[in-house]
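Provided below as structure tokens are two forms of one protein chain, presented individually as structure 1 and structure 2.
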Structure 1
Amino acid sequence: MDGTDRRLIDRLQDGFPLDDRPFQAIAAELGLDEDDVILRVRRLRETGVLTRFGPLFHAERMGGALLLAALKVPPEDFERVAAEVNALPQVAHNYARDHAFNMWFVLATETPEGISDAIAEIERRTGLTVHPMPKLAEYFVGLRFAA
């Protein structure tokens, strides 16, 4: 990854134009060629630096739902529980964190009812209590990484 890749990643985190030649528009802004921009994005995508390229949908406004939830997993059971949780397609993210509540995951479902079904399924498979941590207020979402 060189300086141009980094500039490109920084720019692309700010949004992408709805224009018939969007890569050309980005290239013009950054003083690059359209072909070069497309090749670089392809390479960053293939090497996994970019995990996704395109629109991210707002779950609630799509009629769906998102929920952050936590589990307190006995350390000796951790691998088994992680495998069970990760196997559910409704689990979009899952992280281990150093706390008694040591597993944190995000459920994303197409309907609000899908959330309670997923919780019940996780509790059934793991034998553990899921602690839902619903969003009560959102003060800021600005997830962005300086490349």
Structure 2
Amino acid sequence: MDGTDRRLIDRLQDGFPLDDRPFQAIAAELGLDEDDVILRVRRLRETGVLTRFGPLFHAERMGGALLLAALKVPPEDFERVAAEVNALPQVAHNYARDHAFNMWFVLATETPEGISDAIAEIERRTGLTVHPMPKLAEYFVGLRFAA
């Protein structure tokens, strides 16, 4: 990763242009060529420097729902359960924790009713009880990392 990659990563973390050619707009800001910006983003994704590049939507404002949930998974069954949970398109991300509730995941659905459907499907597939943790308050952290 060179200095241009670092400037590009710093720029991509805030205010992605809503434009027909957003990479061209970013390229102009950084004094680069649009194709170079696209190639750099692609390379950073392929090499794992960027693990995720995409928009974050406020699902609830769009009529959908989000929910953090947890499972108590027997350690010897963790990989099977993770595969079952991750197979659902409603699972935004899933991670292991060193806790009795050792698998936490976020559900994102098109409607609030979709949450209960997704929970029922996970319980059916895994044979485990999903523990939902509904949001009580929302805070905006605005986390960014200097590259």
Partner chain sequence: MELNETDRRLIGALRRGLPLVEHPYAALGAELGLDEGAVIARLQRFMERGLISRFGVVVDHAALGFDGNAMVVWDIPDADVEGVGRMFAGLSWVSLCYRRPRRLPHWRYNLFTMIHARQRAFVEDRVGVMTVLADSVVQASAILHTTRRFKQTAACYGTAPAAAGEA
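Please note that residue numbering is based on structure 1, beginning with 1 at the start of its sequence. Rigid core: the largest C-alpha set superposing within 1.5 Å between the two forms. Predicted model only: the values in this text are computed from it and were never measured.
- Between the two renderings of this chain, the form predicted together with its partner chain is found in structure 1; structure 2 comes from elsewhere.
- After superposition on the rigid core, the Cα atom of residue 108 is displaced by less than 2 Å between structures 1 and 2.
- With the core held fixed, the Cα of residue 29 is displaced between structures 1 and 2 by 2 Å or more.
- Taking 2 Å as the criterion, residue 132 does not count as shifted between structures 1 and 2: its C-alpha moves by less than this amount when the rigid core is aligned.
- After superposing on the rigid core, the C-alpha of residue 56 is displaced by 2.4 Å between structures 1 and 2.
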